[in-house]
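Read the single chain below, which is given as structure tokens and is the form predicted on its own.
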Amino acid sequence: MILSLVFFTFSFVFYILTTALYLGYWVFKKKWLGQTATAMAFVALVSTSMILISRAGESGHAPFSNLWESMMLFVWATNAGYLIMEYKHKFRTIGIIVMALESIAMLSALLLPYRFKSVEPLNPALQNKWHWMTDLLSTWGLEKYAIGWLDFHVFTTFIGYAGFAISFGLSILYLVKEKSETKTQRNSLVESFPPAKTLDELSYRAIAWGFPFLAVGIVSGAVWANYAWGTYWSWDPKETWSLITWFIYAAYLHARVTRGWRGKRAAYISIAGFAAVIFLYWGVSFVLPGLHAYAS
């Protein structure tokens, strides 16, 4: 059996368990449950890292070349981003929705047919590596781990997606908490979430973190496209939807900085932006095939 799929099986269990632990911490408010949930989130991160490392060893190229592999990168980046946020702000209850999103992402990857998970030779159009890195790594016999414009493009793009996923989760929590704060009688479970104002600010920071990575991903993708197809931009469905997604988040940042948009309006834009990300990633791969059809 492919080693990366073995690590995937363990990781899937770890994410389900992590979500359950965060849920238990939220309901029972036991400190040890929260600490265990954080520890399990870290274990899941390490396990996801092993998926990517083992797949790179099995395939001989960066593990970003198909839908299943890029899903693993998305899960890894979202988990890493969440743990950094938890460490910095000490709000464990937001782990419920972020880890739930992670579990759903793992489930969607699990349900993909085996052909999407198999190790296959890299499409010739995707075979470009930075020569200086190949030469450097060849000194230690690690030249197969060298990356190129495609790998850089995918990696930075998915770091952006991770920021948007976290912002989406925080926006959902904001709408729930904001509605609760307007009531006279409040739900004790909802009250354990951070204040609505804090959730709104954290959601903004997640987008402010993810947006530059998406922008770099689009630019580096254009550089790679010129190398692979002889044109920087061809209005391929994936390229078009990437630009649409960029405009949505650019509008969010512009409205917040120049117009002072916060609260519900900002949350709705964040949710709409992540809906665009989902369509960009899944819808385009299956519904609107184009030059990026290799992703499916």
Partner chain sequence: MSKKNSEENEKGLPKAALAVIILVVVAAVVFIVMGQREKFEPVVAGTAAPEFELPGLDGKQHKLSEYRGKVVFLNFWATWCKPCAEEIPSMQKLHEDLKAFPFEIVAVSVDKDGPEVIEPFLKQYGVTFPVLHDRKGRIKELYKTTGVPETFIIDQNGVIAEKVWGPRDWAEPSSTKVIMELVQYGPKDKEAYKSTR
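Being a predicted model, the structure only gives us computed values, none of them experimental. Positions refer to the first chain, counted from 1.
One more form of this protein exists, namely the form predicted together with the partner chain; it is left out here, but the text below deals with it.
Among I271, A39, M50, V27, the residue placing a heavy atom within 4.5 Å of the partner chain in the model of the complex is A39. The partner chain in the model of the complex is not approached by S180, whose heavy atoms all lie more than 4.5 angstroms from it.
A residue is said to contact a partner when one of its heavy atoms sits within 4.5 Å of a partner heavy atom; V46 fails this definition for the partner chain in the model of the complex, lying far away. Proximity of Y114 to the partner chain in the model of the complex falls within the 4.5 Å heavy atom cutoff. Put simply, V13 is close to the partner chain in the model of the complex: some heavy atom of it is within 4.5 Å.
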